[in-house]
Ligand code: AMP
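Only one chain is shown below, in structure tokens, and it's the form predicted alone.
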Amino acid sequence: MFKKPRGTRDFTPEEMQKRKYVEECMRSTFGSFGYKEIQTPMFENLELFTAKSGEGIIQEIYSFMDKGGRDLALRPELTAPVMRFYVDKLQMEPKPLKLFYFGNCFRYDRPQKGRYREFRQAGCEIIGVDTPEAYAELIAMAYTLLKNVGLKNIKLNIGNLNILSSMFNVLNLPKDKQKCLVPLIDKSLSEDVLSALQDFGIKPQEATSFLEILQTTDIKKISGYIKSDQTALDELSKLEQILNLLRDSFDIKNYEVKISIVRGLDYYKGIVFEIDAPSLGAEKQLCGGGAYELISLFGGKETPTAGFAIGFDRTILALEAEEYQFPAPKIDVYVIPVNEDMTGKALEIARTLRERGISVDVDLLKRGIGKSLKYASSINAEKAIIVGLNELKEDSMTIRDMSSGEQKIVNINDYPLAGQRI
């Protein structure tokens, strides 16, 4: 017996209904903010990903050599392909350029709940603007997008990597020691951060002060800690502007300042943010993004860029954890011929209804009215049309409301138009 590869999934019609519903909600929200959809290939030149993430990424992805001897890879994420596409085709487009996308990605990960070897990602980029207003709108769109799919309990955290860098400078930490601290900060390992700082020769009081500022949400305290760095103070002022815009212009109040957001990727610069779903426990992050620099790496002229990615599969898991009631799959009409002689007419009626924008299924098993009505109920058909000899003699058909059980006879020539109720 053949089985699916490890780390992949099959989706039932009911599961696909959920996924299509969530994707269409997201697509609608992207569009409402003026973003336009693009698509990139499922595989790219391997060099694209090693240039962005280093040679170590090869151990984490599906890479291969094609028949022409070219080193290729299934895409592990979508930002690099989009930046490659931008440099290749879109640099001369009017700015700001707002792009969004959906796509399957592939990573050679250890499979676990919410983490698969094939997974779907949604994301966006805004290119050519770096004002507080642009960042506030980007963050607001990410938050709105998750709210619009139906999530009730999400948490928005906002930080700034330039401020974190200034905090490192207060302690006179060289780059190599900063890199040692970043993974610990990323995983919120406070005791390990303290221990590492002390190993680096930082006095206990200074290490404790650093950790307190790292964990505070009080902008005044952060300002006091980096007061000698005017560039960082300017970044903090911009952060305050973004927070004010979120609160006043976008009516988003459920956020916290979190300077400990590091994203763990060297190309992020300045503002960063994450959105969590507490219902998911340890693997709770749904969305991450911020400002970054990648265009010049791929041969383009550097321009301000920011974006975010959303874990599509985790979003669905979060909705299920909140017991969200997804819209049930349904069909408008189920057509039932009372006997074999009526099958041709039933198919003709189905064709006519489909041409008018109505979803239709037909009994193809010739199972009889009783069993056909039971089946119509099981597929959530709103109406059943019964086609019998007596009805045809009068150019009519019997329409049954599957919810109420009420039936009425309607003239065949009075088929409903698209959008009309039957």
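All values derive from a computational prediction rather than experimental measurement. Numbering starts at 1 and follows the sequence shown.
The following text describes the form predicted together with this ligand, which does not appear among the structures shown.
Shown alone here, Arg314 lies within 4.5 Å of this ligand in the predicted bound form, counting heavy atoms only.
Taking the partner from elsewhere, Arg263 is found to have a heavy atom lying within 4.5 Å of this ligand in the predicted bound form.
The closest non-hydrogen atom of Asp109 lies within 4.5 Å of this ligand in the predicted bound form. Although the partner is absent here, Tyr116 is a contact residue: one of its heavy atoms lies within 4.5 angstroms of this ligand in the predicted bound form. For the options Asn148, Gln121, Gln91, Asn169, the one in contact with this ligand in the predicted bound form, meaning a heavy atom within 4.5 Å, is Gln121.
This chain is displayed alone, yet in the predicted bound form one of Pro337, Pro81, Gly159, Gly288 has a heavy atom within 4.5 Å of this ligand; that residue is Gly288. From the list 305 to 313, 182 to 190, 249 to 257, 125 to 133, the contact stretch for this ligand in the predicted bound form under a 4.5 Å heavy atom rule is 305 to 313. Residues are counted as partner-facing when one of their heavy atoms sits within 4.5 Å of this ligand in the predicted bound form; in 198 to 236 not one qualifies.
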